[in-house]
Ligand code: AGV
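First, one chain by itself: the form predicted alone, in structure tokens.
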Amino acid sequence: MEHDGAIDDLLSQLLLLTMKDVEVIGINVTPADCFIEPAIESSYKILQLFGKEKISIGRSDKNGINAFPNEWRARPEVINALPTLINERYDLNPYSLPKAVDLLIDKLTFADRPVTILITGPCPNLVEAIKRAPHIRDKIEQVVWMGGAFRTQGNVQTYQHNGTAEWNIYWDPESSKELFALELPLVCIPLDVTNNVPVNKEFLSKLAFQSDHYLSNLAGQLWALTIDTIPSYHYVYFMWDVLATCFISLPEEFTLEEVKAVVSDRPPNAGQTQLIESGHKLKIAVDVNKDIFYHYVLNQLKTEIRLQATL
């Protein structure tokens, strides 16, 4: 898993760990929609909840071309102070962790079967890893990326931009352009489909009714933080990364379309994913069974975990 430490990334990590048919072999954290140290702490504490703190965490040193707003990036600081996480043991030295690119190369090189790479943040670690070690692409079964806006408006609203891009691609449009050009078995879960699954109060209410389950309680606290994460007059918070993560277990509930596309790497539409016949082959999700998706998420968050007493 490649994530960038935002609330929906951490919820996605939590959800991924509830999937009994999935073996997580590594997690890379990129300082895109987060500051790296608190995001690593959050990731480690979530692993610890599942007794899976031995899963390797990689630390990315990438700097995006277009930075996320600092007020969004600071959220892991708040997350680590939540009642469900603040007393979890944290004895990891974030500066001792392997570099994200090195971890990717290592895990793919020695994998004994094909690997799915789930990306819920930007993609530069994977692009550099393949450049440095081209042999690893043979180990990649598929890449599932929450990224892009193909037939809908983007969610980037900033100076010198026309609003056509999605943030994960806009953060580093040059690497995004290169990833498309690699023509890996890539499935994008773009805004076109995530716009259909908002984090609404109906969902949060159902989640609250099952808050006696530890993971439901934690997830409810995390999603509650999204109410003021993004000013409501600009955005609605959606199940961006969570939907992409659910593709891992529910691919049959998604409608995919094979397209050809490129990524623009220059203003005023840097990061725009453009459908064009001379572009590169990939698949994009265009629809999802919303009822099954919401039901699946609620059910997975009833997964019981063994909590260790904290003194």
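Start at 1 and count along the sequence shown; that's the residue number. As the structure is a computational prediction, the values presented were derived from the model and not from experiment.
The form predicted in complex with the named molecule is left out here; the points below concern that form.
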> Phe254 near the named molecule in the predicted complex, any heavy atom under 4.5 Å?
Replying inline: no
> Heavy atom to heavy atom, is Asp241 within 4.5 Å of the named molecule in the predicted complex?
Replying inline: yes
> Is there a non-hydrogen atom of Trp171 within 4.5 angstroms of a non-hydrogen atom of the named molecule in the predicted complex?
Replying inline: no
>> Residue-level question: is Tyr214 within 4.5 Å of the named molecule in the predicted complex, judged on heavy atoms?
In response: no
> Okay, which stretch from 64-72, 45-53, 257-265, 276-284 lines the named molecule in the predicted complex, with non-hydrogen atoms inside 4.5 Å?
Replying inline: 64-72
> If we check the named molecule in the predicted complex, which of the residues in 116-143 reach within 4.5 angstroms of it by a non-hydrogen atom?
Replying inline: Thr120
